[in-house]
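This document opens with one chain alone, in structure tokens, the form predicted alone.
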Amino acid sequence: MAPMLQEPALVDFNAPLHAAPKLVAPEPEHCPGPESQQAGKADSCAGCPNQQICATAPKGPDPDIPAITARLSSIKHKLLVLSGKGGVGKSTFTTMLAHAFASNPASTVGIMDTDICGPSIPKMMGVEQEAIHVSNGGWSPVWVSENLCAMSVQFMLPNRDDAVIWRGPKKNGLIKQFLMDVEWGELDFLVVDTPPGTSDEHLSVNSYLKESGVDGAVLVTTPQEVSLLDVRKEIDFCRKAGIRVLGIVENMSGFVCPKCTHESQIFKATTGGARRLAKDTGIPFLGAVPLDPRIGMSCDFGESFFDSFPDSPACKALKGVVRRVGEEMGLGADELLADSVDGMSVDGR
């Protein structure tokens, strides 16, 4: 039997994030849906055992969004790190970006880890054993240094190897708490690390941050076409969700030997890599970062790769990418400390 061809349904990125009401019976045929404005009122609802539940279920914008907007009003810049593909280095790049911004003593930086099922930011930042403190003002983030803090579900787990087995509504609830209940204070930058895909966590972050404003998103990929396939979907997600794409970073772009500095192509760019994708989609290409095993070692030990290996080719490439991210965000020299990034001013001179 041939497959039935149907018009793909459009995704409503402004849909409320309330948990679906618990129905006492399955939704009948022609049901408008328990979160619809016509729920419990339509002609098809007559005689349904769920009619009263659907009629009283919450509808419209999430009532907590004003509180979230007020809580985040003291954060100047909010940046998302995205990729439809897993294992391309989103969390690694997030830590690099945060360390680069925090290299300016005048800037205060926060990292929010929204990868609920695979939180890795605490390990990479060297604060895996820390726990969240609760005060009258809310949850206190874990401070990595004097001007760099992080928040992750890892800080709440009794054991480091405990799995987080949650459905979408519970993930949404935790992300809401990270934004509404965490005492972020006055931050210059909030960098949000996201899991792979375009699902619950991404929809939640975008819906909750929309009113408070997001500077944009940085997409991370590797050179091969298998990775670019998923990144194209992430670009489509950003455009439908109204998220500005600041640019694309090609991570693991070749391997540089730490001893002889010779570069070999481990993941060959069969279709032109991120540079070609950026050109085809009209998105800025932020740069290519070579594969360096010392990056993984720095993350394992919770150290800054910038501080440990400042003269490595990968470090120099990362500094150039960070500088271009700052340019796309419209940061001035007083906001992004040029000397600590790549030895040149933000305008490239």
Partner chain sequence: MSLENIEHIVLVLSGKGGVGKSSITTQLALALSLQGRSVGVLDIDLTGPSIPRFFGIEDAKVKQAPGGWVPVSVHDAQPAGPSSDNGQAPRSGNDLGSLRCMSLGFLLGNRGDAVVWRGPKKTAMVRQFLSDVQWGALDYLLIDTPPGTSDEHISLVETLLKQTSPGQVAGAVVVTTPQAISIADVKKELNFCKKTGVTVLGVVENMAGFVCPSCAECTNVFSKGGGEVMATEFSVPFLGSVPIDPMFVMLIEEGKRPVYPKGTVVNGKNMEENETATNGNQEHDRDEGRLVEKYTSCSLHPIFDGIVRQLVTRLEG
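Rigid core (definition): largest C-alpha set, two forms, superposition within 1.5 Å. Residue numbers count along the first chain shown, from 1. In this text, all values refer to a predicted model and were calculated from it rather than measured experimentally.
Separately, the form predicted in complex with its partner chain exists; it is not shown, and the next lines address it.
Colleague: Okay, which stretch from 74 to 82, 222 to 230, 97 to 105, 136 to 144 lines its partner chain in the predicted complex, with non-hydrogen atoms inside 4.5 Å?
Modeller: Looking at the other structure, the answer is 222 to 230.
Colleague: Is there a heavy atom of Thr198 lying 4.5 Å or less from a heavy atom of its partner chain in the predicted complex?
Modeller: Yes, Thr198 is a contact residue.
Colleague: Using a 4.5 angstroms cut-off on non-hydrogen atoms, would Pro66 count as touching its partner chain in the predicted complex?
Modeller: No, Pro66 is distant from the partner.
Colleague: With the partner left out here, check for me: in the predicted complex, does some heavy atom of Met124 sit within 4.5 Å of its partner chain?
Modeller: Because a heavy atom of Met124 falls inside 4.5 Å of its partner chain in the predicted complex, the answer is yes.
Colleague: With the partner left out here, check for me: in the predicted complex, does some heavy atom of Cys45 sit within 4.5 Å of its partner chain?
Modeller: Answer no; every heavy atom of Cys45 is more than 4.5 Å from its partner chain in the predicted complex.
Colleague: I have Gly86, Arg167 and Ile266 flagged as a candidate spot, so tell me whether each of them has a non-hydrogen atom within 4.5 Å of its partner chain in the predicted complex.
Modeller: Every residue of the candidate spot has a heavy atom within 4.5 Å of its partner chain in the predicted complex.
Colleague: Ok, Asp181, Glu211, Glu130, Asp236: which has a heavy atom sitting within 4.5 Å of its partner chain in the predicted complex?
Modeller: Here the answer is residue option Asp236.
Colleague: Report the residue, out of Leu286, Cys299, Ala317, Cys54, that has at least one non-hydrogen atom within 4.5 angstroms of its partner chain in the predicted complex.
Modeller: Of the listed residues, the single hit is Cys299.
Colleague: Go through 135 to 168 residue by residue and record those having a heavy atom within 4.5 Å of its partner chain in the predicted complex; state none if no residue qualifies.
Modeller: Gln154, Leu157, Arg160, Asp161, Asp162, Ala163, Val164, Ile165, Trp166, Arg167, Gly168, in sequence order.
Colleague: Taking the rigid core as the reference frame, tell me whether Asn50 has a CA displacement of 2 angstroms or more between this form and the one not shown.
Modeller: Shift of 2 Å or more: yes.
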